[in-house]
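Just one chain follows, in the form predicted on its own, and it is written as structure tokens.
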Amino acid sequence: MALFIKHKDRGELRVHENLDELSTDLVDYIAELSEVSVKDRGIFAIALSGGSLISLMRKLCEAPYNKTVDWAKWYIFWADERVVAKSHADSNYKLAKDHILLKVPIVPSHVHSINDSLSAEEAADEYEFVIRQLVRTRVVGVSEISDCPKFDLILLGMGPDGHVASLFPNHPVLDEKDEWVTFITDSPKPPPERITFTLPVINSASNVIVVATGSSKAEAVHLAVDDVGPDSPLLPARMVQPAKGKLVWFFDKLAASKLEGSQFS
């Protein structure tokens, strides 16, 4: 039985008994956001990440979603990507393509992945340019309070160190205010070269989902969500705080086991 909690300042927490229950709720919620966005503006602009998040989304390819979701209105982006060939096993694009994109009728020209023939810096610059063009044509919305793009949904996983997208703890890119897309060449987790959305872009989205599963994430979940005070490490996941949008966390009970007042410990 899932437990839904409205946190006083960290959005909504959805804690699930197991991965199957989490996956069912996650895809149902994504389909709901898609329907609302398509009704509202005729488009659903969604940014994905990689890792286990994609396998948790695979039910989107099954009934009823494969028929009920308006796939032709989806525009796909990546909140972060590894600077490797698109055919490489480490590519977030390849992961999403193999598990989801090839199995649903998404328009190929609506899939916006990085140029894998460029350096990390060049790929980040070009990807930002592509997004700026799509903001101009309102394929991607624009924030009411800054010039940032306003994605309908940004989907993020969270690492045991509290990283989201390719924003790692204590990394200088956490302070980037001007760029929409930036790059790193020293990821603590291989491969080292990556591009990533910056925090201002993530925090300008209409909806942000952060997914964390397993006991290895429990401490990071506690530090990202609970009122831990100023002396605790400031994790990137803690810095995810949409200015006008909605933040929803999806956990299994293992990841939620260290939350204050948790009944899952």
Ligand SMILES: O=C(O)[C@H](O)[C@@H](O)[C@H](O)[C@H](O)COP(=O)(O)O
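Throughout, we count residues from 1 along the sequence that is shown. No experiment lies behind these values; they were computed from the predicted model shown.
What follows is about the form predicted in complex with the ligand, which we do not show.
*Is Ser204 close to the ligand in the predicted complex, meaning a heavy atom pair under 4.5 Å apart or at it?*
No, Ser204 sits far enough from the ligand in the predicted complex that none of its heavy atoms falls within 4.5 Å.
*Examine Asn92 and determine whether its closest non-hydrogen atom to the ligand in the predicted complex is within 4.5 angstroms.*
Although the ligand is absent here, Asn92 would touch it in the predicted complex, with heavy atoms inside 4.5 Å.
*Taking heavy atoms and a 4.5 Å cut-off, does Ala124 contact the ligand in the predicted complex?*
Ala124: no contact with the ligand in the predicted complex.
*Determine whether any heavy atom of Ser52 comes within 4.5 Å of a heavy atom of the ligand in the predicted complex, and answer yes or no.*
Yes - in the predicted complex, heavy atoms of Ser52 and the ligand come within 4.5 Å of each other.
*Spot the stretch among 228-236, 44-52, 63-71, 28-36 with residues whose non-hydrogen atoms come within 4.5 Å of the ligand in the predicted complex.*
Of the options, only 44-52 has residues within 4.5 Å of the partner.
*Which residue among Val83, Ile154, Val181, Ala165 has a heavy atom within 4.5 angstroms of the ligand in the predicted complex?*
Only one listed residue qualifies here, and that residue is Ala165.
*Residues of 180-194 having any heavy atom within 4.5 Å of the ligand in the predicted complex, listed in sequence order*: Counting only heavy atoms within 4.5 Å of the ligand in the predicted complex, the contacting residues of 180-194 are Lys189, Arg194.
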